[in-house]
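Quick setup: one chain, the form predicted alone, written in structure tokens, and binding and motion questions come after.
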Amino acid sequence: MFGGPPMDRLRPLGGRKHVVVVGAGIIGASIAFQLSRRSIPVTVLDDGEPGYGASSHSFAWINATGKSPDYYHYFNRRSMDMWARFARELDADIGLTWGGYLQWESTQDGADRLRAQLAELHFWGYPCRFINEREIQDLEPGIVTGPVLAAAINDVEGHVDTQKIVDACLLRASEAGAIVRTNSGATGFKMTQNANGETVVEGVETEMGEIPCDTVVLAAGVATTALAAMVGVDLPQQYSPGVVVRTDPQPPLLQKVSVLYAPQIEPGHSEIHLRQMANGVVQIGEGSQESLNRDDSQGHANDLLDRATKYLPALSGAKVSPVPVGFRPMPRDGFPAIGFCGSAPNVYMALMHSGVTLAPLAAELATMEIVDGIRVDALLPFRPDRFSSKGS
């Protein structure tokens, strides 16, 4: 089930061999930053501007809620605990905001689902708890909840500004000698055979010419599947569009919590979630990660703001703008795909779901595997070869 090259085929990059990272979203930028901290020569390629793909559409919620089974929950939780250190290493303002999330339900079905979710989280030792309507008002006096059949809060989740993270990672990597090429993505790969008779990548082709390399990291979000196919790797993804909207800057709306998850106003409308960024902008989304909404019209943005305003009346004077629909990286089974590939042993895949939460951990472990030539046990359930091993 768990693929990847055998241990004797992994070699440390202690000789400062060149790594090309394809993709400059939050995952690619974080990996480039960690590689540069190990004095590895790095070139970062992106076919657009850094961070303007899926990272720019992310709700950027750092969390382990709703992440199951248990090994995936613990994987996310381990990365959550790394965010404060990651921010210190970057030594930059990345909009890191803690405070936890608040959720309540107004229907019996919703309340039952919330109770089942908390029962699972309590079993795993996740610090969340039930609260009542009065406690909601004590925490956040500006919220008008409507009926509350069940409510829960935790204190350990937060959110970040993805663009600030990407910019900080690439700045630090550049200061350490990395080369960042924007609007210049990978168009192909030059393949050869190594001494073991394996097909490996010896160069990344771009419109500006070929870049020789010893290792390639594919962290290009939704484009990773097509790039992987060029090196003979099957890495299927789900179809996962996502829509968020943003207001103009607003005065502080929340006193303690960082993320609100509010129930549907009426049947036929999804639940909404919102957060306020450090610059005062409120970001609003709806439904779950599995929703397939592609409506990025101004009318839909106005509707989302109207629903949010019913819960937060202070938003009544806000103006809202839709963000063009974006497609989220989502491996077919919903779990990350990270590691070397047996059929292309010097190609390292880094295709995330929950990329924002997992960025610090994924970048650190990927760097260890690439530079030190080791295999990290915690990544075994997430190896990209799990798809090809099933004949898919």
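Note that the structure is predicted; figures quoted are calculated from it, not measured. One-based numbering along the sequence shown.
Keep in mind that the form predicted in complex with a small molecule is not shown, yet the notes after this line are about it.
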Fill in the blank from the handout: Testing 361 to 369, 347 to 355, 333 to 341, 34 to 42 against the small molecule in the predicted complex with a 4.5 Å heavy atom criterion leaves exactly one stretch, namely 347 to 355
Practice task
Please check if E49 has a heavy atom lying within 4.5 Å of any heavy atom of the small molecule in the predicted complex.
Solution key: yes
Handout entry: Contact label in the predicted complex: L227 to the small molecule, heavy atom within 4.5 Å
Key = yes
Problem - Exercise: V19 in contact with the small molecule in the predicted complex, heavy atom 4.5 Å - result: no
Problem - Any non-hydrogen atom of V243 within 4.5 angstroms of the small molecule in the predicted complex - result: yes
